[in-house]
Every structure is written in structure tokens, then in C-alpha cells.
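Coming up is one lone chain in C-alpha cells, specifically the form predicted on its own.
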């Protein structure tokens, strides 16, 4: 199941979303997440879901591949929904609202990472936040951190799957109740953390050997430039956000 994690994985394809500037997609994700949390009625939730469906179609990423990426968070969603149904006022509606919002945010984030290479995301973050350099914010280091984090998510997921397979080959079982599963995962966590620290140490040595942080004179191999499709995407995002704000104001 852990190998099914799609966050941080890039899916190569020829699509409109793949061709957009990473800054456009990052801005679109922020706008989409804001509108998802603005939506509080069935009509507005349906509008955000429709927008998500349009993005999925434009990405040309198989829907089955995206749904597989939701399996690791399915238990968390079910547990949260059950708590809201039992303890919250209007529990059923709140459970539906939280579940749909979480699914849409996860799907939207997956679309970003599936259609954008990690290096492009790093460049987009650095370029988009370049104005913060005026306030002495280390934008380049922040962007590099984001890029490394996205790269490590699928690597650690695959590593966890390998450790679990090794445990199963030695007779370990990951089935049963919640407590039994939790106990069975404890021997997986220790080697996973050891592997993560080892990879982080290797990465730091590799970065030091390439003199990372000692010079800022180099430029980007592929400088980011907006094109006509990016301008059209910004116009569509603005119209979408205005429509969602109007729906929020009128209570639709």
C-alpha cells in the first residue's frame, strides 16, 4: 500500500497542465485550496469537485493511478469521518464536508506533483518567492528543501514497502485489528528511520562535495518564462475564484 503513494511522483505525459509554468500551477493549487475551504454548501462543494474533474481530465493522468494514491490516507479519512458522525453536531454533514475537502486537497496536490518535476517545483517556489529576498529570507534554501522533501516521499514509501516485504518473508503479519497492526509496524519504523538518516547523510555529503551554498553566481539551466497558456490559466483561475467568492457571499 505504501508503494501506492503518488505524492512526489512525476507522471510523464503530454498535457496542458504539464506544459504550464510551475509558478502558474503553484498559484492554482493555492487558489484551489482556498476555494475548497470557502465551500460550505452542497452547491459550492459540487463546484470545487467539478473544477477538480476538469483538472484531472486536462492532466491526462489515469484516474486509477490517482485513486491508488489515496489508499494510504483512506483509514485516516474514515476515522475522522466516524469521529464527526459520533461526536459533532450535524455530524453527518460535517463528516461529508471534511472528507470531501480532504480528498480534494490531496487530489489537487497530487495533480501538481504528477504534472511537475520536483526540480521545476523548486524553481517555481524560488522564483515566485524571490521578492522575499528583500527581507533577507533564504528563498533558495527554502526551495531546495521543498524539492528534497518531494523527492524523499516516494523514496521512503518504497523503502517502507521493502522493509514490510522483508518482514513478511520472515513470518510477520500485518493483518488483524488496529492494535495488532500498530505493534507489527513498530519493527518497520526503526529501519525506516535508519535508512532516512543514512540517505540524508549521503545527500549532505554529496551537496558539500559540489560546494552547495558557497556560491550564488550560477543561473538556471532552464529559466522560467510565462507563455500565452499561462496567461489564459491565470484568467481562468481569477474567474473561478471570483465565482466561488460570490457563491460564498450569497450562501449558494
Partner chain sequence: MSQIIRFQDVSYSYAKGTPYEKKALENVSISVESCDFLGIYGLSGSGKSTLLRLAAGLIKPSSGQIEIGRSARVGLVFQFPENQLFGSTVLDDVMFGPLNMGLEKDKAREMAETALRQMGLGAEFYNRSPFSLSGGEKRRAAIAGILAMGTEVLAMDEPLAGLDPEGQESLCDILERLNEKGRTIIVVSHDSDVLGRRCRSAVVLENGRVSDCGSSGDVFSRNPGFAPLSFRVMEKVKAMGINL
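Numbering follows the first chain given and starts at 1. Only the largest set of C-alpha atoms that superpose within 1.5 Å between the two forms is called the rigid core. As the structure is a computational prediction, the values presented were derived from the model and not from experiment.
Omitted from view is the form predicted together with its partner chain, to which the following refers.
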Fill in: Per-stretch contact check against its partner chain in the model of the complex, the hit in 128-136, 94-102, 81-89, 165-173 (non-hydrogen atom, 4.5 angstroms)
165-173
Discussion item. Quick check on residue 68: any heavy atom within 4.5 Å of its partner chain in the model of the complex?
Written reply: yes
Discussion item. Taking any heavy atom pair closer than or equal to 4.5 Å as contact, tell me whether residue 198 reaches its partner chain in the model of the complex.
Written reply: yes
Worksheet item: Should residue 9 be counted as a contact of its partner chain in the model of the complex, where contact means heavy atoms within 4.5 Å?
Response: yes
Worksheet item: Could you tell me if residue 42 has a non-hydrogen atom within 4.5 Å of its partner chain in the model of the complex?
Response: no
Practice prompt. Quick one: from 50, 38, 190, 57, grab the residue that has a heavy atom within 4.5 Å of its partner chain in the model of the complex.
Written response: 190
Item to complete: Verify the C-alpha shift of residue 195 between this form and the one not shown: is it 2 Å or more after superposing the core?
Response: yes
